[in-house]
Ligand SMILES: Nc1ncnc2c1ncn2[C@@H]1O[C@H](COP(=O)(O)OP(=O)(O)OP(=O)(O)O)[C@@H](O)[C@H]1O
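Below you will find one chain, with nothing else, as structure tokens; this is the form predicted on its own, and questions on how it binds or moves follow later.
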């Protein structure tokens, strides 16, 4: 197994208050890492640090390093990094334009491609990879705002795929979805790991057990335990981990 991301002694702060403390872990290429833990355990801060979304927050600071294929992400231009590390948020936020234009917006803005035929190819590839092509191929010019919630979330995934990232970060991607839409997104994540490295933050421990190869348990800003998902859920080493996954708290 090859490590895609290496985190070394990462500590994160808001207004100098610690929210992540001395985090060390590796994320394996073409696998799904689930990050679980109760509220205020640092999960989302961790995710947002991986593609430097926290750079926009003036109260945020950090120590330590994160390496993507050996490159320190804090030495990379932020926009270039976000082309390599895409992020999907909890609530689907389609742009108020057509399905087609949602997919092509980022590639055009980033000057990745300009020819209409190449844009058409990106739209079809991205929607197919997001398991959405067959549902929308006959209405690409219709508004994305008219799609169902589950379709909008898969459209947002397709929008990330359009820039051909290396890593995809999922922040509670199913929190507002019905069970059928949730199952489709979970199946999609499993398929996508063949091409991409995935980090999933979820409060749903059952979801983590269904989709991930490795699971990390965060508590109060600390990494309590990380292991293969099957091992962690069946025989956790730490009592805090066992208490959380059995529902004693959180």
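Positions refer to the first chain, counted from 1. Note that this is a predicted model, so its numbers are computed, not measured.
Absent from the display: the form predicted together with this ligand. The rest refers to it.
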Quiz item: Which pick from 44, 207, 51, 182 sits with a heavy atom within 4.5 Å of this ligand in the predicted complex?
Solution: 44
Exercise. Could you tell me which of 23 to 31, 190 to 198, 56 to 64, 209 to 217 sits within 4.5 Å of this ligand in the predicted complex, going by non-hydrogen atoms?
Key: 56 to 64
Exercise. Give a yes or no for residue 129: in the predicted complex, does one of its heavy atoms lie within 4.5 Å of a heavy atom belonging to this ligand?
Key: no
Quiz item: Just to confirm, residue 10 within 4.5 Å of this ligand in the predicted complex by heavy atoms?
Solution: no
Self-check item: Contact set, 20 to 42 vs this ligand in the predicted complex - heavy atom within 4.5 angstroms
Solution: 38, 39, 40, 41, 42
